[in-house]
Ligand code: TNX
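Take a look at this single chain in structure tokens; it is the form predicted on its own.
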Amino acid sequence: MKTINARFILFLITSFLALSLTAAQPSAPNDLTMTPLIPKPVSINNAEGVFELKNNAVVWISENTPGMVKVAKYLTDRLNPATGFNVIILTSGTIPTSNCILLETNISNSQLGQEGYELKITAENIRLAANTAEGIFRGIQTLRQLLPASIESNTRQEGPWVIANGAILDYPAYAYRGAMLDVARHFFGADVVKRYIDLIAAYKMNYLHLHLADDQGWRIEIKSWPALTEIGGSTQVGGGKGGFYSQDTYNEIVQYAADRYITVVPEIDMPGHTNAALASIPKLNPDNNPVKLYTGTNVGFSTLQTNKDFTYEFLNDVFRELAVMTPGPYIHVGGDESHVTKKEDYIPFIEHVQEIVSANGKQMIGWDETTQAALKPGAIAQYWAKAENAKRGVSKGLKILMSPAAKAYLDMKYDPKSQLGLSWAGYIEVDTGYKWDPARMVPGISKENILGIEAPLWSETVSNMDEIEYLLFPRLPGYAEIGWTDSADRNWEDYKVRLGQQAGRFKFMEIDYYPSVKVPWK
């Protein structure tokens, strides 16, 4: 038996290790158009060369305003942990000739609107320009995805931090791109809500709808009616201890969202879905006695007394306090599944509630059933169940928020084997959730009638952040793209490849996602 030369063995081992290390490292980008961005921008153009972010980099802002300083700080907070650099912010002086990210808002480009942006990458610098700080913030989300996925890590990672040269022009298709979190069935603390905000912000969503009250719990402090949270906030589905947000905590959440250019839409569902309130305030009931707290999941059995003056006095207090805490334009009044409220009582109730919301300086949003009432032109109807309700809203001059349950409900199971979620509206695999066009969903409802899209996550079956993330991802990026990217630029075959390439980013963002077989994960 011949002896193998030791030098040859060493050569083989060295060569194998070199090849393994090369394969493990992501190749440097050389074509900006091949970056798997979600949502897909309006246009991307490639150029030769790359920009490399190095130590001692600078973020330079054109306007020393609170909004611009905040978005610049948000950017450096995203860059510094993973790179290990000390990227600093400059608010004056000469723009560095290299290793600089320039944030500029003095461009006055009407095409970009409030949220659009321009991004130009050269070997020397990156220039991110927009009409507003909000547009800069949206562009930063794209910049995050242009960098290696490891930029999302909270601990130092190996570079290089390279982006292919080129230019991006981008702006949204719809003004409203939201996600809803039901905190009433199961209560989630402020830390979970903030995590939810960060996840939807990363994909350029701009509205957070909080479902704050339902049969199982009342989650927002109303100081004129403390029993709402003392009693109504004390439990949840399954009989857990529940919880609620103090007004200070709610204000903290609203500000956290605002710093990420997300508007909070609070919902107090009525006249149905009100058992928690009925258990807390005896006088809301016909016999002035409280009902029992409820921890189940069936719906449609509760109702406010629509012919009681006390009901409207109570609601005025609730909306007055909620309006003060909520700087955004909308308050959601629910209006769905009021099965035990007679139609002749339901309609005047919704009209009365609408006046209360308006008197407190807000626009009303209601589920599609509310279009049975005489709603004001500024009201919004949220389509979830019946197309005829949404079409009736259009006929009355209302804008429609598109949330069709069979396409957009994040609490629906992916398939029959899914452990979490429900299935009453069907199964929503990733492709099913992506392959629909809001402007073609319902004949007679076109893009000009639509305010935007919202993906609701009801919480009957979820009780912690990991479970939320499992239902949220990987469907959320698709809903974000439906709201942001023009339908002519969207197709599933292209999207599923880009989504699959987000796997590494999900890993570094510590997202517990569902690994759908419909997606070619990388």
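So that there is no doubt, residue numbering starts at 1 and follows the sequence shown. Not measured: the values here are computed from a predicted model.
What comes next is about the form predicted in complex with this ligand, which does not appear here.
The partner is absent here, but in the predicted bound form a heavy atom of H273, alone among H273, R177, R219, R138, sits within 4.5 Å of this ligand. Taking E63, D486, E52, E460 one by one, only a single residue has any non-hydrogen atom within 4.5 Å of this ligand in the predicted bound form, and it is E460.
Segments offered: 403 to 411, 274 to 282, 144 to 152, 428 to 436. Contacting this ligand in the predicted bound form at heavy atom distances within 4.5 Å is 403 to 411. Although the partner is absent here, E337 sits close enough that one of its heavy atoms falls within 4.5 Å of this ligand in the predicted bound form. By the criterion of a heavy atom within 4.5 Å, Y346 is excluded from the residues contacting this ligand in the predicted bound form. Residue contact with this ligand in the predicted bound form: W225 places no heavy atom within 4.5 Å of it. Although the partner is absent from this view, L422 contacts this ligand in the predicted bound form, with a non-hydrogen atom inside 4.5 angstroms. Every residue of the trio V299, W367 and W384 has some heavy atom no more than 4.5 Å from this ligand in the predicted bound form. In the predicted bound form, this ligand lies beyond 4.5 angstroms of every heavy atom of every residue of 341 to 361.
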